[in-house]
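Next up: the same protein chain in two forms, each one alone, written as structure tokens (structure 1, then structure 2).
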Structure 1
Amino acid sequence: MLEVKSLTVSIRNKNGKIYPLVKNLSYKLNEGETLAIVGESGCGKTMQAMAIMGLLPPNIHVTQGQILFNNKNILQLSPKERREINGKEIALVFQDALTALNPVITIRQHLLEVFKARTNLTLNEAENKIKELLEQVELPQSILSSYPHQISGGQRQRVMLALALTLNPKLLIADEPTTALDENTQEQILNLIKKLQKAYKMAVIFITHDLILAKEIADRIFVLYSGTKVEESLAKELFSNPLHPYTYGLFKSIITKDTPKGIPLFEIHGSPRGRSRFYGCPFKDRCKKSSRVCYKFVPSLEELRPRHYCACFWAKSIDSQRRQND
């Protein structure tokens, strides 16, 4: 239902220079499927979602590629056609609930607003729908008269989910919807998304930096690093066989109950910023496995195992060695 083809999203900075935030990204999503996009903050997860929604900030544009939704390139739609799709066909749950909600209107008004603008429901019907929605996201009815700042971070995210579900979208893009929630609530929201997804045959793009969550909810996962897809596979496979050094580092950085106390945590040193991202492998400055070739050439995404793609020179050589040994 959704196909992203060689999508490049670029920013024009103050000096008029253009550089890419998302590079040559391609992926497909089938009806009812859940895809998780994992990567560290700033790697372009939100920007690629905004490109799909047609909500990129003014200085940021799609500079290459296509986004096909039900075989239609939605990048070429008129603003009016776009507005029709947003909410009804594709809905987005924003990362930052507090800024996405209007501070001076109540939760009831937020929900009513959507029904009023987008449906022909009577006030009574809308109120009933709202009741249902609140039950679905497990919020008490009393929340309706609250303003966004009066409810906790967790409750705000549930409101965001209710808002996204008002028009029964076919594709839900959830941009870090559970980042601010405690583990129990995360679990509940994940289950809720799963349940709704089945009922409405909704496809879900779940954007997160949490690999564990990604595994729990997704059929497939891809890892984005500095705007580039570096690894993609079925969720289980990624866990049992992370191939890319970055993915491996992410796994190692997860704190578990067995993490030894009193010694520093494993960390991937440095940050993805800096000039050197314009040549060679984007991860080279932080990679423990890097060699000369990584500074000269950009590794391409290759299918190293069945349906398991990885862009890394080291992983490729290790994997071919492994296969020779087998």
Structure 2
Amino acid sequence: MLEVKSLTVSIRNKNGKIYPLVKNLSYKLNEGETLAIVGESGCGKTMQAMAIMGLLPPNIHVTQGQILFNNKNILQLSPKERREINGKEIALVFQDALTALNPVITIRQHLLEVFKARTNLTLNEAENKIKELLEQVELPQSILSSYPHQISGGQRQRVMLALALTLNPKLLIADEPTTALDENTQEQILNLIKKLQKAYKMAVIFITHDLILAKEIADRIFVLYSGTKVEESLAKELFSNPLHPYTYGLFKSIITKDTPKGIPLFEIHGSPRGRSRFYGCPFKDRCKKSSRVCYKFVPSLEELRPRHYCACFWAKSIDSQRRQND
């Protein structure tokens, strides 16, 4: 359904210099599949999603690559053609529902606006459709008269899901839809996305910095670091056998209710933002295994196990050691 090929998204600064934010990113997504994109803040997760939707800021552009949706390069479409795809074929749930929703109109007006702008439904037909949508996202009809600030964070995310589903899209991009929600509400939103995915037969791109959430919802996961894909595999395989030092560090950083008290928390030292990220391995300055080769060359993404890819000069030795231990 979707194929991102060698995508590079770059920003131009005030001096006219161009810096890549997402570098040579490639991946595929099949119908009905859920792909989780994982990485810390600023790694390019949202930026690549905005490139798919055609919503990049004015000073940020796609400088290389293709985005194929049903074998059509959507980067070459006119604004009018892209508008036909957005919403009807590809829908986006934004990260912060409170800022994404219009504060001065009711939930009913939000939903009606979509039907008025994009369909030929009568007012009665649109109202009936809205009632169906609210039932599907498990919201009461009484919420229609509320403004965004008058409802809870979980309810706002459900409204965002309802807005995304109004035109029956084939692909849903959910950009950290559970941010700032409590654990129970997160679980409810995840289960709702799974239920809606089956009902609408959608593919889903789930963007998150939380590996636990990614494992719960995704068929496949890939890890972004500083705009570069460093590892990709089936969700179960990634959790049982992370090969990239960065992925391993993310797993070590996970805190659960079973984490022993009094033990120092694991930390990935350093920052992903630095001039050295423009040459060699992007993770080299923070990696305990980095050597001279890591500073000279960029590691390529290699298939080390079936459907398990990793971009690290040390991944093969890490994998062979684990095979021996197994």
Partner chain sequence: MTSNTILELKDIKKTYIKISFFKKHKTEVLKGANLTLQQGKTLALIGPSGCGKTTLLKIILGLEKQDCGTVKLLGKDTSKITKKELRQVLSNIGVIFQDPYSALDPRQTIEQILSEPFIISKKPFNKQTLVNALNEVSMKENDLKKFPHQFSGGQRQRINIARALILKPKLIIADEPTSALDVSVQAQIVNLLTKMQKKYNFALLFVSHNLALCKYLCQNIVLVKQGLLTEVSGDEL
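The first residue in the sequence of structure 1 is number 1, and each one after it adds one. Between two forms, the rigid core is defined as the largest C-alpha subset superposing within 1.5 Å. Here the structure is a predicted model, which is why all the values come from computation and not from measurement.
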{"item": "Structure, 1 versus 2, that is the form predicted in complex with the partner chain", "value": "1"}
{"item": "After fitting the core, P57 CA displacement of 2 Å or more between structure 1 and structure 2", "value": "no"}
{"item": "Core fit, then S320 C-alpha moves 2 Å or more between structure 1 and structure 2", "value": "yes"}
{"item": "Core-aligned Cα shift of G262 between structure 1 and structure 2, given in Å", "value": "3.0"}
